[in-house]
Ligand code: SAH
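One chain comes next, on its own, written as structure tokens: the form predicted on its own.
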Amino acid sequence: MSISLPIDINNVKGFLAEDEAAALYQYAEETSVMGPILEVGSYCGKSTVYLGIAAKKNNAVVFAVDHHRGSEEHQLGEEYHDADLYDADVALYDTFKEFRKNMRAADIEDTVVPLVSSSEVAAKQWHTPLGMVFIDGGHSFEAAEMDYRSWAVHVKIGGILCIHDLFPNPDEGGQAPITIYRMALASGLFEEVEVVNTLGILRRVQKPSK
């Protein structure tokens, strides 16, 4: 799929393969006619650009949930720490300035609504049905399970739930994302559509039983 972007995506910090990006774009374009899209874990906005450009075609909105303090692996001394995103004045990781710069460069500031908050807090009073949810937040079991339980329930029937970083082999990566992916399948509320690289795509098929 050829996707025309108003920004050089290679200049946007992030961890997203080209085939995964194309899939996010495809399903965002499909589902944004149903309702808003919500992303958990925006980092500097690489995935948000694809979601936002697709949603903009349908005059839809993307809610981007991230506290912008980085996940466990981004902290000082950790494997994926980026010194350019560390604010030494307050001794905290901060990706929000970079995120806003990228949304502006991609001309989607009127499409993307940043929710600078933890996923748990943002979900507390959430009542809006969603066409698509993309979970790419913290990779601890606690964080991933919280993201799944907080947001999957809001996906409309026929809508899409995407979960990033699925690694069936524990030697290749953390197991929290694939654990919640399997939870979604076991719930009976979702069916597998496809897996693109490490991106799992599920469709909501029924309402939860009361």
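For every residue, the number given is its place in the sequence shown, counted from 1. Small disclaimer: the values here were computed from a predicted structure and weren't measured.
One more form of this protein should be noted, the form predicted together with the named molecule, which is absent from this view; the next part is about it.
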Quick one: 68, 71 and 136 and the named molecule in the model of the complex, is every residue within 4.5 Å by at least one heavy atom?
yes
In the model of the complex, which of the stretches 42-50, 153-161, 28-36, 178-186 has residues with heavy atoms within 4.5 Å of the named molecule?
42-50
Taking 4.5 angstroms as the cut-off for heavy atoms, does residue 119 touch the named molecule in the model of the complex?
yes
Does the named molecule get within 4.5 angstroms of any non-hydrogen atom of residue 16 in the model of the complex?
yes
